[in-house]
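Single chain ahead, written as structure tokens, the form predicted on its own.
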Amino acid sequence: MSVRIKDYPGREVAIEELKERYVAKEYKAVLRYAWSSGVAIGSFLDGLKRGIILGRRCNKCRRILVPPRMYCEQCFRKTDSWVRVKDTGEVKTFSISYVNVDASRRREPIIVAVVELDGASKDVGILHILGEVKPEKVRIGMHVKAVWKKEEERKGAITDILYFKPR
């Protein structure tokens, strides 16, 4: 097996030569890392584990932000309080994709949508997938409801909501 290298136009380079010339050292890395999701997203994820969706209210501009933020990007001030919003909403935009994240083809499409949740501010939405709907039936303005994992299967992740379905 060989590959072409820009440095040598038209010349085939064997894998062994490539490794010898361009790879200084081969090793397997074991990477362990941890991170904090922060107060806002940590509380949001904890809410998802309990089957509720939390947002943050800014008393100055009166917006309710979902996912929650500790600072309002419109007012440039700290948000004021936690608000529980409904797990229902409206599709604001969507995309029908026949391509997976690794660029491989899908037989059945995945429908990704921005859902403006009931109780959150206008034009504030979360990105999620739609289910139980054919691509040709999806519409902007379609009313949807979250379909949750069983309580014992939830982990505190956005995937605790399996998808949104038409209601």
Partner chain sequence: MVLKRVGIVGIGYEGFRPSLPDISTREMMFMAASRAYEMASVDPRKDVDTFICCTEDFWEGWSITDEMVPDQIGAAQRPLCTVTSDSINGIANAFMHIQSGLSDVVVVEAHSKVADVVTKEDVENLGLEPLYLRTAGVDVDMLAALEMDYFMRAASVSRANLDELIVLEKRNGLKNQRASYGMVLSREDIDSSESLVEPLKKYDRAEYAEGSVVAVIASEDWIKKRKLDAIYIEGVGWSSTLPWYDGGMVEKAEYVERAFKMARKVAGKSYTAKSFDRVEVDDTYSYKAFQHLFALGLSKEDVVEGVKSGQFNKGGGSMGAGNMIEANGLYRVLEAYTSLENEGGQALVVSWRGQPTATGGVLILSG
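Numbering follows the first chain given and starts at 1. Each form is matched to the other, and the largest set of C-alpha atoms that superpose within 1.5 Å is called the rigid core. For clarity, every value in this text was computed on a predicted model and none was experimentally measured.
Unshown form predicted together with its partner chain; subsequent notes refer to it.
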> Within 4.5 Å of its partner chain in the predicted complex, heavy atoms considered, which of L54, C58, L130, A40?
Replying inline: A40
>> Just checking whether D80 would be counted as a contact of its partner chain in the predicted complex - the rule being heavy atoms within 4.5 angstroms.
In response: no
> Quick one: does R107 come within 4.5 Å of its partner chain in the predicted complex, counting heavy atoms only?
Replying inline: no
> Within 45 to 63, which residues come within 4.5 Å of its partner chain in the predicted complex, counting heavy atoms only?
Replying inline: none
>> Rigid core superposed, CA of R32 - does it shift 2 Å or more between this form and the one not shown?
In response: yes
